[in-house]
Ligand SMILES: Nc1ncnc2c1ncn2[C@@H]1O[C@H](COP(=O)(O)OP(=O)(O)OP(=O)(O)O)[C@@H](O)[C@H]1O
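This document starts with one chain, in the form predicted alone, laid out as structure tokens.
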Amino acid sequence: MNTGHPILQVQGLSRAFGGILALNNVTFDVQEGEILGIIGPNGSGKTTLINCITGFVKKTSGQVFFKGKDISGKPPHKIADMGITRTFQIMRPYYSLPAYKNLVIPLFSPRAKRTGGWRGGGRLGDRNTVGIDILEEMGFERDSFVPYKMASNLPTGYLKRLELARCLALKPEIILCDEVFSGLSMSEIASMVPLIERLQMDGITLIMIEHRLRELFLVTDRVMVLNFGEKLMEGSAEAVMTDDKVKEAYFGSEKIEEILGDA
């Protein structure tokens, strides 16, 4: 659970693509140990927000602070080295490598070395073992052939877990998840939820963009709504989903009742 201390602060963040504002003066804080859900209709600026925070897209204006330090404008590898990692909506593993080898690469990073993200004498074999350990934490069956499969042969459910595992290899303080439930079956989501909860119990702060709202609300402490690049509101899941402005934002694509079902 969150500690009441902001670990990430976003102030007046804007991003323009030509004459279109994908983000317009977005401001919010994330508390240490919190799971913040970010929702909104398609095209509301959710992924652009993550891209700006993690340095994959340059902001037009505004600032991002991590533990009080301005990280605005830093490149992605510098931000990752500080402890902010992210998954991608379209998974980006090293498809030509086995699953566990995808973990060996980040385990060679300066952050992993500095924080003890791998153990042993520094030999490749040690990192192989740690990579398999991390995959097991993310639901890969250690005694099966799955950790040794080429990433190109993994189904979506395992690729989503591999994305999270690659983040864990860097010993992150924050993970930004871009639609980690997307494309999963209900049974796969049911097995993914405890993994998300365990990350929070381990002290990791999570920011989750998600369209699967029922599943998202199982794990989030707080929800923020974006619409047309602006923050519409934030609060508890119940408060957000009963707000007339939020209903209006979703109306025409999916009604709130249809999104939430019987939840």
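Just so it is clear, the structure is predicted and the values come from calculations on it, not from any experiment. All residue numbers refer to positions in the sequence shown, first residue = 1.
Here the subject shifts to the form predicted together with the named molecule, a form of this protein not shown in this document.
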_I'd like to check something about Gln89: if you look in the model of the complex, is any of its heavy atoms closer than or equal to 4.5 Å to a heavy atom of the named molecule?_
yes
*Is there a heavy atom of Gly203 lying 4.5 Å or less from a heavy atom of the named molecule in the model of the complex?*
no
*So in the model of the complex, does any heavy atom of Arg222 sit within 4.5 Å of the named molecule?*
no
*Look up in the model of the complex whether Arg212 has a non-hydrogen atom within 4.5 angstroms of the named molecule, and give yes or no.*
no
*Would Glu136, Gly157 and Leu184 all count as contacting the named molecule in the model of the complex, using a 4.5 Å heavy atom cut-off?*
no
*Just one of Gly33, Gly55, Gly62, Pro41 has a heavy atom within 4.5 angstroms of the named molecule in the model of the complex, so which one?*
Pro41
*Pick from 42 to 50, 194 to 202, 65 to 73, 212 to 220: which stretch has non-hydrogen atoms within 4.5 Å of the named molecule in the model of the complex?*
42 to 50
*Heavy atom within 4.5 Å of the named molecule in the model of the complex: which residues of 220 to 242 qualify?*
none
